[in-house]
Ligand code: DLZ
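Listed next as structure tokens is one chain, alone, in the form predicted on its own.
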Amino acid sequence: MATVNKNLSHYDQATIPNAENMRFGIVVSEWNSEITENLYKGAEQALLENGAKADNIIRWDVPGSFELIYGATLMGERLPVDAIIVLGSIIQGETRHFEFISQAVAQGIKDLNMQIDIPTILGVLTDDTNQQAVDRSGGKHGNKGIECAIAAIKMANLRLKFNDEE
């Protein structure tokens, strides 16, 4: 695993654009909620620490990771947001279901990024064990939610920059 002995959530706040005037949508899977709640808390904290207003962070919950695609699509079509973050946790089981759902979600979010003019950040953990998910949702490897929030700020800033030039 690429995260062995690394906390990937550290960042230099001086290099992050101010998110004060940005709106963020976060779509959270209810499946593996102990993991996804930690991802959400990390994302929300990072957005707030970088200037986002609490009123400009909109959360929608969906039943599972597969439903993140529809939730993000609907959010992008219905709400004026500058970036969308999807947060989920898929843990390997005894069947190939893990592979199908993981690939479908990644493909769906990739497709969404091509279809709408709102950056959509993939924050879905795909781990072999529950412990790996814990380690990546606030444990020894940091919190993927924080990483996604930073990516969302940077991508929203990029989008706003190019929209201002038009």
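Each residue number is its position in the shown sequence, starting from 1. The structure displayed is predicted, hence computed values, not measured ones.
Same protein, other form: the form predicted in complex with the named molecule, not shown, and the subject of what follows.
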{"property": "Proximity of F66 to the named molecule in the predicted complex, heavy atoms at 4.5 Å", "result": "yes"}
{"property": "4.5 angstroms heavy atom contact with the named molecule in the predicted complex for I91", "result": "yes"}
{"property": "Contact of L122 with the named molecule in the predicted complex (heavy atom, 4.5 Å)", "result": "no"}
{"property": "Partner contact for I101 in the predicted complex: the named molecule, 4.5 angstroms, heavy atom", "result": "yes"}
{"property": "Single option in N56, N38, N113, N32 placed near the named molecule in the predicted complex, where near means a heavy atom within 4.5 Å", "result": "N32"}
{"property": "Which of 46-54, 66-74, 113-121, 133-141 lines the interface with the named molecule in the predicted complex (heavy atom within 4.5 Å)", "result": "66-74"}
